[in-house]
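Presented as structure tokens, the chain that follows is alone, the form predicted on its own.
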């Protein structure tokens, strides 16, 4: 554990709390992509299977439970909650997210560190997380007007990944034999996907105007 990883974890946690706050308090999921949330639920379900077999620490277990519970709760809210589901914009959230799942699975079968079921699922989750934000970014470009909480949610997600890159750099220089090319490359791809959003987010903050993405 180091300050960059802790900051990354807390930022990731904050992103989830912001989204749950928006959905639970306002009873609205406007601007939120169900497709992205389903992909994140799949990411955590396949990555945290070791919660039943490997104990690392109380902190690690609690964080896994939080992300598993929150991701499936968000999907349930959007799909099943009698009020929240009315605000879901199905006509705009049309990204065919299942087209992302198969390539990530095939890539995990081809490029992995160990050929075991748990390792393959973990690698699949790394690849899928790198692109899971795409439906959300496409939805924001289509709707253009982005409310503050949705904008903060996406910003915090991008910040979490950026902080994790700093964590990897720190560990590379402070720990012997710390080399994880799969995680590094997937994380870099994921961070680059946020680049355009970050630019317009900071522009809106600097000019004190409502955040809008170009169509």
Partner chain sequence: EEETDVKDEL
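Numbering follows the first chain given and starts at 1. Computed from a predicted model, the values in this text were never measured in an experiment.
If you look for the form predicted in complex with the partner chain, you will not find it shown, but the lines that follow are about it.
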4.5 Å heavy atom contact, residue 89 and the partner chain in the predicted bound form: no
- request: Spell out, yes or no, whether the shortest heavy atom distance between residue 27 and the partner chain in the predicted bound form is within 4.5 Å.
  value: no
field: Exercise: residue 47 in contact with the partner chain in the predicted bound form, heavy atom 4.5 Å
entry: yes
message: Although the partner isn't part of this model, could you tell me whether residue 155 comes within 4.5 Å of the partner chain in the predicted bound form, counting any heavy atom of the residue?
response: no
- prompt: Quick one: in the predicted bound form, does every one of 5, 122 and 167 get a heavy atom within 4.5 Å of the partner chain?
  reply: yes
query: What stretch, of 62-70, 27-35, 186-194, 147-155, brings heavy atoms to within 4.5 Å of the partner chain in the predicted bound form?
result: 62-70
